[in-house]
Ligand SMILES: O=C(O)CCC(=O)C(=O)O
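Shown here is one chain on its own, the form predicted on its own, set out as structure tokens.
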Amino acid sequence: MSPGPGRPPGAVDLGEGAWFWHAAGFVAAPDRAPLFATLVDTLPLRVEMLRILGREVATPRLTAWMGDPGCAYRYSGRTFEPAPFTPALLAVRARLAETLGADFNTVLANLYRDGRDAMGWHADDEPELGPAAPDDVLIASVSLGAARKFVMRHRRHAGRGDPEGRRALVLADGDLLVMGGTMQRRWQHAVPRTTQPVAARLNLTFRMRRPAS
């Protein structure tokens, strides 16, 4: 399989068309703290109410949805209209386009305030995501701040305790994680809670939102 737009050489092939690529230090060390502070100060981060299994649940983290005009995003029973890209986000977007050869028109920001904030098992498999869901969805995730564990499991192993079909990474300050191909169709991912003392982490998950047909 050729690398293609968005698939860098050295990506980890998980089979069935799924792959990921972990690039440590994507954001240079001198830029990390200023970028983190700027984004936390300027993004419209807040707790959202989502409908999960028929119940209204508050997100255990602060979130913000940004994007180009017309890039509304629907998940967990809510439709989110995008706030405009900030100058700092546009700079990260441009760097990702240069690195991956793909232009991301939306980004979901998640601020994990401490170890109690988390993200449960899920896949970003909404049909409007591109380049061509469900077999070609490109997600570029930039981490800033405290390191957190990021776990992945194949859908056939969901709910099982065995380690087969599972992967785990530690995403540190400035790291980039790219997930592509059938990753969102075949695999789920999560950011688990931790009882260890941990500072705040900001995660920027850039996506390609396809126009409504």
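Small disclaimer: the values here were computed from a predicted structure and weren't measured. Each residue number is its position in the shown sequence, starting from 1.
Only in words, not in the display: the form predicted together with this ligand, which the text now covers.
Enquirer: Can you work out which of A102, C71, V92, M119 has a heavy atom no more than 4.5 Å from this ligand in the predicted complex?
Expert: So the residue touching this ligand in the predicted complex, by this definition, is M119.
Enquirer: Given that this ligand is left out here, which of M152, L45, M66, L171 has a heavy atom within 4.5 Å of it in the predicted complex?
Expert: Checking each option against this ligand in the predicted complex, the one that comes within 4.5 Å is L171.
Enquirer: Looking at the partner-bound form in the predicted complex, is E128 within 4.5 Å of this ligand by any heavy atom?
Expert: Although this ligand is absent here, E128 would stay clear of it in the predicted complex, with no heavy atoms inside 4.5 Å.
Enquirer: Looking in the predicted complex, any heavy atom of T86 within 4.5 Å of this ligand?
Expert: Flag for T86 set to no.
Enquirer: Answer yes if any heavy atom of A11 is within 4.5 Å of a heavy atom of this ligand in the predicted complex; otherwise answer no.
Expert: Taking the distances in the predicted complex, the answer for A11 is no, it never comes within 4.5 Å of this ligand.
Enquirer: Could you tell me if D136 has a non-hydrogen atom within 4.5 Å of this ligand in the predicted complex?
Expert: Residue-level check for D136: no, no contact with this ligand.
Enquirer: Enumerate the residues of 171-196 that have a non-hydrogen atom within 4.5 Å of this ligand in the predicted complex, in sequence order, or give none.
Expert: Heavy-atom contacts within 4.5 Å come from L171, H189, V191.
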